[in-house]
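Let's start with one chain on its own, the form predicted on its own, as structure tokens.
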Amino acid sequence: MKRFMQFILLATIMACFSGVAQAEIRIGLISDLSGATSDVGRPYADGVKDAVKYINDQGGINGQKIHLMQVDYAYNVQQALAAYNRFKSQGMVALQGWGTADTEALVRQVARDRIPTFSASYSAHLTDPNVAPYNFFIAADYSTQLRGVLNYLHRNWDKDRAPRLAFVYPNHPYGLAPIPAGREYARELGFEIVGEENVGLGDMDATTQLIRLNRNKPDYVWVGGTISSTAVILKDAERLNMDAVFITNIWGSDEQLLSLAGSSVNGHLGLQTGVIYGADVPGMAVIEEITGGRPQMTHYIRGFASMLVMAEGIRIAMENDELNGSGIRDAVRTLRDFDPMGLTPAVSFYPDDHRPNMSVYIYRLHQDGMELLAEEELERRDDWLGK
């Protein structure tokens, strides 16, 4: 009888723990904290984690807390795949992912498993639901960002010849993703493309590539790296006295770049899809309170916003009594002009179009800060979806 009562007590305790586990919303977080993109991966991951803390401190989503499971995959695709499978076995209902190579490697699997995935890769391939039905992100895709700045430059070009454009990017899925769209739209607007060069994310010198480009005297040079390689390129361009205006992609434009590159950033352009630290928006007050007023990088802010948007999709799914992968995916697709506390432009998703918005912020870079020049908003052209 005693052993029977012990069994009943154990079963009761296990049932209680089981109930607690089911009450958690389990989300995976794949981060690069030590690999080639860790310079921007660490602040982004901190933003995601702090948003989870904020949501949980507010009582969770409809009363249920988020349980975040994080892995540092060091920008290694195989490690990302292993982390994904481990998260799945642990009850993950949605994933916060990271890079282009690993996110694209997981596209078919997350679709089969019905795991909504918000990445920090903004590759346009991920916006076409016919190709990536469970993939989302909260910034304009890389191609839209590049088209946006080309539109801005074209509108403000006042010389009686075609503007000359060159591309510098790493020979890597992230770097390659927007280049076909950039070439095509540049030609559509009347730019003359005068050169393309590869500079790797870990390269410490870009002199040879820039000397080749400089022979063709570009007016503008697109740079599609992260901050470390972008700082190398800008310093070498300054040393070579290049006259071109460099345009730094979203992962190569941040507060660290200003200190790494120093005076060589002056006068160049940087792209963003969210506000920078200190902006007068409601979300900034929340971030300042959570972080004790310590300035945060722009990547942190996008990570924070990504988690807010995912949480809104989960909230709707719960209200629809559909807290599962398909339910969250369908709920996210109902978002219309959702405002993540002003941290990014409003976000909308559709069943046939996963582009969150068509807006890019263009900043002029100075070693003392970033000056907002314009917000460029493009039309949602059907022929651009997924490209």
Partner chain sequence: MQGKCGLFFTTYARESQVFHTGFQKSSLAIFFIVLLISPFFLSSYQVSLLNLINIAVIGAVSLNLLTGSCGQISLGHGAFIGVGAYASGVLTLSGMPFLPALILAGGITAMVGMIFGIPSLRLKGIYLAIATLAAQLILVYIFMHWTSVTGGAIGMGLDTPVIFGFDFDTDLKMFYLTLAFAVLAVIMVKNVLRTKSGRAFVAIRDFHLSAESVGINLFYYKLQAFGISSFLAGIAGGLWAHYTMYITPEQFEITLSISYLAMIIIGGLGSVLGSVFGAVFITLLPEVLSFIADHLSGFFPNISTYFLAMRDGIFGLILVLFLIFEPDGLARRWQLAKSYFKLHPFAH
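Numbering follows the first chain given and starts at 1. In this text, all values refer to a predicted model and were calculated from it rather than measured experimentally.
A second form of this protein, the form predicted in complex with the partner chain, is not displayed here; the remarks below concern that form.
J.: Please tell me whether the candidate spot formed by Ala317, Asp330 and Arg333 is one where all three residues come within 4.5 Å of the partner chain in the predicted complex (heavy atoms).
T.: Verified in the predicted complex; spot residues all out of contact, no.
J.: Go through Leu260, Val107, Ile179, Leu153 and name the one with a heavy atom inside 4.5 Å of the partner chain in the predicted complex.
T.: Residue within 4.5 Å of the partner: Val107.
J.: Note which of Ala279, Ile193, Val77, Leu240 lies within 4.5 Å of the partner chain in the predicted complex, where distance is taken over heavy atoms; exactly one does.
T.: So the residue touching the partner chain in the predicted complex, by this definition, is Val77.
J.: Examine Asn324 and determine whether its closest non-hydrogen atom to the partner chain in the predicted complex is within 4.5 angstroms.
T.: Contact with the partner chain, no.
J.: If you check in the predicted complex, is Thr100 within 4.5 Å of the partner chain, heavy atoms only?
T.: Although the partner chain is absent here, Thr100 would touch it in the predicted complex, with heavy atoms inside 4.5 Å.
J.: Within 4.5 Å, heavy atoms only: does Asn85 come near the partner chain in the predicted complex?
T.: It does: once the partner chain is placed as it appears in the predicted complex, Asn85 has a heavy atom within 4.5 Å of it.
J.: Please tell me whether any heavy atom belonging to Asn130 falls inside 4.5 Å of a heavy atom of the partner chain, as the geometry stands in the predicted complex.
T.: Asn130: no contact with the partner chain in the predicted complex.
J.: Quick one: which of 335-343, 28-36, 350-358, 58-66 gets within 4.5 Å of the partner chain in the predicted complex, going by heavy atoms?
T.: In the other structure, the partner sits against 28-36.
J.: For the stretch 151-187, return the residues whose heavy atoms include at least one within 4.5 Å of the partner chain in the predicted complex, in the order they occur.
T.: Sequence-ordered list: Asn171, His172, Pro173, Leu176.
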